[in-house]
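Starting off, we have a lone chain in the form predicted alone, written out as structure tokens.
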Amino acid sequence: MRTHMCGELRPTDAGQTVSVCGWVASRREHGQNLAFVDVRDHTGIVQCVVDGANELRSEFVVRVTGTVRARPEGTANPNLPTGDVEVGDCTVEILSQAEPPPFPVADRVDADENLRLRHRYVDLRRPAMQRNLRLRATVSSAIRRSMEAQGFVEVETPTLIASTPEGARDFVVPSRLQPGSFYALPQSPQLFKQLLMVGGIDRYYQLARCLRDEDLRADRQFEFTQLDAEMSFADQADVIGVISATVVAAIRAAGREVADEIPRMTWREAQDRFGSDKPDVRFGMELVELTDAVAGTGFRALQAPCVKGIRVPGEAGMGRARIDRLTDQAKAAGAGGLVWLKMEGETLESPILKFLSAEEKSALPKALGAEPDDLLLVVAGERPTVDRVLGQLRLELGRPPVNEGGINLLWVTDFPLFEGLDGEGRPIPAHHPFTMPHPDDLDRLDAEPLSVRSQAYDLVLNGWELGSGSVRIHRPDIQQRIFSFLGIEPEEAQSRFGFLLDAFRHGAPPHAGFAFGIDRLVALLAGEENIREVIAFPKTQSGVDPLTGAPGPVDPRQLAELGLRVLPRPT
């Protein structure tokens, strides 16, 4: 139906008779019975000069045939790639009429997100959405090429599986053939990719669809896509090497610059310096240890096991109302309060100065590297709380927009194996329960489990966790030892994970793997704050699909066939 795409025409095409197809982006009257009609497809817009265009309306689908010619002198549009040419002597075939669009089909639009998602088929025509989805395709293609070049085999794993602990709630699917029984939709292919290693696949990958019933936010959806990978006879360094090469290849395919080598940082260092296990290293404002600087202080607010601070450059003029909001934020995050000091020129100002000794008044600004007109924020308390609170304040006050500061990748390693104790005093896994403990810490597993490091590692991009991975437990004795810590006795372990434990008894190679979110990677490369902008048909933050009306009730006959009955919501 067409000889050229709308955005392809250039002065070198002058004199050719062409046919283009697309949507009417705009129509401008030009004298009696003559109009300039902009026709749009995913490549761009071309201006067509049409006689008798009165019946054409915005978003009509048309086929235009005419002759390419240079625009008259002084009428070229430098803002369009096709701005030096137009299509004249046009005949127009209306392929489909359209109602007026619910919002402008423009690069950026201020329409309510629910309205955009309810009419997503119109929203997808916008240039920004076209770019984002095509960028996603480019990234996915680059990932596949890189993995295949490194010897990985793409294998599909099941979508209907047994429920297993993955850290979030499962979406469950009732079985018609086994009434009262349920499948779960996969939170990840974790156990199946380990079974593939036992089966000798050696290097597996998949662009896997995963589903988790968890609260939604800007970087999280119920269903998402991740690169899932596993390697046999591999350790942490091997996995980091493979994934680094793949991520770098994907970023460069997207036209962005990135270094060959990705820096690494331990979890402990990330917490100490940035107060986060996914630090945004695009800007400074690092956490500074002040405990020694105020040792022996008489000021009770600073009498704590840990005292740290951050320097906020040039913010000495911050008003009291904003500081009070920061204080409330710190308290909501668990701090007892927030101490602030200002460098008014060379002079230190603060309501707490009367409680500080001369040595402390000198030591605090010096330790924080304070300069004139800086704001200093200090938090005291238990170390994990201090790190977390200051890490949040650091992001609140210094984090640049997602599309600024370049591409800053970072590997975070040596995570704790356990993140705390539950109500019964049992350790809580920081990752999934199939993560191998650090070999140097195995002797502390019984006496000091919370001090044991895992062989787990995360990849962070501009403060977003792209993904995580670990060296897996491949020995049944170590796996049962971890299960026992979690209160899972051998009988229960066999009942819940028997297929995996049985497989290990038939010869499991040492193996390790990783998975990272493609939605998050593409969003960052596209300069989007929300992954919904790089997903064709996302859910809203409340988990609703305005386009199809999901979730919704099902026919009572379906429920009866499944042996299910909907109970009233508890009051």
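Throughout, rigid core stands for the largest set of C-alpha atoms superposing within 1.5 Å between the two forms. From 1 onward, residues are counted along the sequence shown. Treat the numbers as computed from the prediction; the structure is a model and nothing was measured.
What follows is about the form predicted in complex with the RNA, which we do not show.
- For the marked spot (Ser188, His432 and Ser542), a heavy atom within 4.5 Å of the RNA in the model of the complex is present in each of the three residues.
- Between the options Arg212, Arg136, Arg311, His438, the residue in contact with the RNA in the model of the complex by a heavy atom within 4.5 angstroms is Arg212.
- Among the residues Glu286, Glu113, Asp202, Asp235, the one placing a heavy atom within 4.5 Å of the RNA in the model of the complex is Glu113.
- Using a 4.5 angstroms threshold between heavy atoms, Pro127 stays clear of the RNA in the model of the complex.
- With a 4.5 Å cutoff on heavy atoms, His511 does not count as touching the RNA in the model of the complex; it lies far away.
- The RNA is not drawn, but in the model of the complex it has a heavy atom within 4.5 Å of Arg217.
- The closest non-hydrogen atom of Asn77 lies within 4.5 Å of the RNA in the model of the complex.
- Annotated contact segment (heavy atom within 4.5 Å of the RNA in the model of the complex): 114-122, selected among 303-311, 178-186, 335-343, 114-122.
- After superposition on the rigid core, the Cα atom of Asn33 is displaced by 2 Å or more between the shown form and the other one.
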